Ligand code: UTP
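Just the one chain here, the form predicted alone, laid out as structure tokens.
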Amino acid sequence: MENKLMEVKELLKKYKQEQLLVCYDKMNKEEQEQLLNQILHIDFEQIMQLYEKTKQPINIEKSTVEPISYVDKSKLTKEEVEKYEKIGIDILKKGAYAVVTMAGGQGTRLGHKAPKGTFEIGVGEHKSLFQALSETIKEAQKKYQVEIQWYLMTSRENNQQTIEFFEQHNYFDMKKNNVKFFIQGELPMISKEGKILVEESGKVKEAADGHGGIFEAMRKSGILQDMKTRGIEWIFIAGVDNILAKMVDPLLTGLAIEKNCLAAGKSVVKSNPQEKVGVFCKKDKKPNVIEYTEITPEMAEKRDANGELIYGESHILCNLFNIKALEKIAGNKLPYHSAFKKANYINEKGELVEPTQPNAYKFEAFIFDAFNKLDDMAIMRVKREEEFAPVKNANGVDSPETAKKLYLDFMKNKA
């Protein structure tokens, strides 16, 4: 281990990051080994480049932005619905469909000290988000007489707790072999001065690399290969916090195949022109999402001849990908966006610092930055009350209270 320590010291000296060893001498042998390995896995060139970008003004590239075409599910004819669903059901029947849930977050904003998926939404007896999503999958399995593989992206922070939760609940009566977990990637957090932070345990302080990190995580963890081995062709990816996510959707699958697209997305119409959501669009002729911070008031207000918002298709993090699209995206690095956050850390004197203001940068990739790797996407507008009930905030909009009401109303109408 002495040679490894010398290698690490040389590396840290080169990048002026010697503070990463501030707690080394207080650690036991196992912890020291873990820290050295963690440091050796850091791409310091990448981190320094990301840090330099934080000093530069945000450069919104001059792009040609146009509306994207979409299909309104409620306006499809009976014949169209039957046609698309038959195509999608054929995919399901041959076992070529899988579901991925992004579940790397903690329920901190909800006052919940555990993985977000374990949060109970107040429906039925102790029903968690994980249970509600599992019921959606099991219902589809029963309806179409198939087995559906469920992959869950966790984080280093919540992976063990998530697996234990599934074990305690007997995998919600799903076959254990049909449920697989993989861990989201992380990147070091860095101070305003360009120093990588040390967390309270003495290790490098890292943060999840955003939902756009899912593609690389699937490749590195062997999940993409597992999918190929199982003959899976279409993969639906959604967040854990949308309790109404319709993850097994033969209609969307059939629509994508019929339109010869390798990806598809669900949208809900903006509640008003100023709603703070990203919307589907075409940027430089490629599918994309324009953030509410980028869209001009004129674009936000613009309507077509039918009075519909031209830029009104909200991206709700419900996307379908062909395995070929996932392989293509996973082979390319997505851009990282920086966020300035408040983070506790150990300083160069070994003291715990608990800031009251944001003090560190974290770096995230966004899933929609992958869309422009594709030639086109099929967009299907769905009803908010049927497919979008997110649990994000403790109170108010997108809270357990609003999600619970949407969920109960949906279940009542369904019955």
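Counting begins at 1, following the sequence as shown. Please read all numbers here as calculations on a predicted model, not as lab measurements.
The following text describes the form predicted together with the named molecule, which does not appear among the structures shown.
- Only one listed stretch (318 to 326, 270 to 278, 232 to 240, 92 to 100) carries heavy atoms within 4.5 Å of the named molecule in the model of the complex, and that stretch is 232 to 240.
- Using a 4.5 angstroms threshold between heavy atoms, E31 stays clear of the named molecule in the model of the complex.
- When the named molecule is considered in the model of the complex, G104 lines it closely, a heavy atom lying within 4.5 Å.
- In the model of the complex, at least one heavy atom of H211 sits within 4.5 Å of the named molecule.
- In the model of the complex, the named molecule sits within 4.5 Å of a heavy atom of M153.
- Checked against the named molecule in the model of the complex, the residues N288, Q149, Q184, T118 give one hit for a heavy atom within 4.5 Å, which is Q184.
- Proximity to the named molecule in the model of the complex, defined as a heavy atom within 4.5 Å, singles out one entry of R109, H337, K203, K283, which is R109.
- Looking at 391 to 405, the one residue that comes within 4.5 Å of the named molecule in the model of the complex, counting any heavy atom, is K392.
- Note: the CA-CA distance for H126 and G107 expands in the model of the complex relative to this form, by 3 angstroms or more.
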